[in-house]
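The form predicted on its own is given below as one chain in structure tokens.
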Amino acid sequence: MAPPLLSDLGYVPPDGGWGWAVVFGASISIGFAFTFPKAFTIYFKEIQGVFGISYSQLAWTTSIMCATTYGGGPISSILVNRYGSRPVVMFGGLLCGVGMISAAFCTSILQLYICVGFITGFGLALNLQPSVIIVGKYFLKRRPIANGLAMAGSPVMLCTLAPLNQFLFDNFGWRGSFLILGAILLNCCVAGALFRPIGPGTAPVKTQVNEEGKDALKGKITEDGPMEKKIEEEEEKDCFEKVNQYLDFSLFKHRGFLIYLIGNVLMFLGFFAPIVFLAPYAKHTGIDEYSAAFLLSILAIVDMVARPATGIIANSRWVRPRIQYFFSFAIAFNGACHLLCPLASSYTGLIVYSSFFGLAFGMVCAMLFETLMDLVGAARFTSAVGLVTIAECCTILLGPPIGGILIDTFGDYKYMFIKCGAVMVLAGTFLFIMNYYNYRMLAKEEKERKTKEEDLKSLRTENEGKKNWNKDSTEDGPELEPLRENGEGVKKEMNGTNEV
């Protein structure tokens, strides 16, 4: 869908200026939200020995953290609609810091679930959605580029946090590392402070409010009925209607939103599992630990370059009017990489796979939220991203366990990669076909709308012509009256002569 020249936010975004500072802050918040659960796994082995628990019990820590991060999307959207992005992100950074500092004093796995899983996870949720939302409020023409740069914070943070965590662990242990990580996560408050509120001018709004207040006061003085009726209507609103003021559930009637939601829920069944099992698969083929870990570094470096590059391509005049097709291609390309992965039996082949996987992964992530904003508009994006993340939460959690079950059942990693590849190719094909249908329907509806407008315009012109003609006839009546009287007199004389 071609982007409108004017934003549906009620103002024209600046497309630069302080917006680039906002993009920088968003890259920090988004980077922590996406990367921290992955980087946290370096402490698993020591924590497992301290608490005497199984690996699966400890793995629930990151699962709860991811589930809370995505499941908290609607709450985050409601808070953003009510208070704005800046206070929400700053409060989220405070929660992240408190959660990790509290985790340093945990004595059981249950306490770790609460501190790391729920508190820190919810803090990350309050960082993710507002950061994506505020970028869309500052940019319109350059929005794909801005989103690509903001999403690039994830691979940059992954390359930074992984060696940093190892350094902290070697020097301070896991408890000392948690204290330092809590302090580092407080930088999300600094990133949130960059999110300067933006919107239409406040002067017209204040004038309108004052005028409405005067009218309401006048109505109250003359007659108390309207005021009492309004209060009764407010009291009759149920909980759902009040929530709907901050979270737009009418999006489930939006055709483009439903297509995006179904395609993305399907896609996430195979999106994260290949990253989780890439290093174990390399070790399974006989590659040493350091070389296997280097594959993730290659993926992150290519991903880091791919995200802003994809944003630049998506912002071009050839791609942006049909960005949904580009997004569908990126998902299918990602799936094709996974389908070909079992053919990479050597380390060189795995390097090639990691490079293409990083490219495809970066392409999808760069357009993940941009395509949603393109479909629903910036004004409804706040509600849309909250509803989408909670729906994606289930498949994000189920993807890696299903892959693990396939590995345990068949004793081979290739079936896991084939499953992920097939699911993503199916999701990309579904989105491509349904977006083609959506574009056709939008074009048809636009054509019908223009036809109706032309018919109404022609009918209005015809009615105005008739009114003007009648008006002219009425205005000319008094001027022509003497001529009519003379004409009637002549006619009588003629009739009288003839009668004689």
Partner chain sequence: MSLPDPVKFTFSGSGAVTPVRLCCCIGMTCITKSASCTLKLHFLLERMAHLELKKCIFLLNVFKLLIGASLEKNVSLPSPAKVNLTCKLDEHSHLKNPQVTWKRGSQTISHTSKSHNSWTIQVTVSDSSHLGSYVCILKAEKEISATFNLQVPKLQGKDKPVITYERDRAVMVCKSDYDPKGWTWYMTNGTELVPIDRILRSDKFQIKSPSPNVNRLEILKLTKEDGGVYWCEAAFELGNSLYKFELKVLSIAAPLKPFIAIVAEVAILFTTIVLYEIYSKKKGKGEFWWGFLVG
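Positions refer to the first chain, counted from 1. Fair warning: this is a prediction, and the values are worked out from it, not measured in the lab.
Just so it is clear, the following notes concern the form predicted in complex with the partner chain, a form of the same protein that is not shown.
(Q) I'd like to know whether Q166 contacts the partner chain in the predicted complex, with contact meaning heavy atoms within 4.5 angstroms. (A) Looking in the predicted complex, residue contacts with the partner chain include Q166, since a heavy atom lies within 4.5 Å.
Q: Give a yes or no for F172: in the predicted complex, does one of its heavy atoms lie within 4.5 Å of a heavy atom belonging to the partner chain?
A: Within the cut-off, so yes.
Q) Within a 4.5 Å heavy atom cut-off, is Y83 in contact with the partner chain in the predicted complex? A) Yes, Y83 is a contact residue.
Q. Is D288 one of the residues lying within 4.5 Å of the partner chain in the predicted complex, judged by heavy atom distances?
A. Residue-level check for D288: yes, a contact with the partner chain.
Q: With the partner chain left out of view, choose which of L398, L110, V352, L179 has a non-hydrogen atom within 4.5 angstroms of it in the predicted complex.
A: It is L179.
Q) Here the chain is shown alone; which of I275, A336, L258, V190 has a heavy atom within 4.5 Å of the partner chain in the predicted complex? A) Contact check passes for V190.
Q.
in the predicted complex, does every one of I101, L194 and H284 come within 4.5 Å of the partner chain, counting any heavy atom?
A. Yes, the whole candidate spot contacts the partner chain.
(Q) Looking at 421 to 429, 266 to 274, 307 to 315, 344 to 352, which stretch has residues with any non-hydrogen atom within 4.5 Å of the partner chain in the predicted complex? (A) Contact criterion met by 344 to 352 only.
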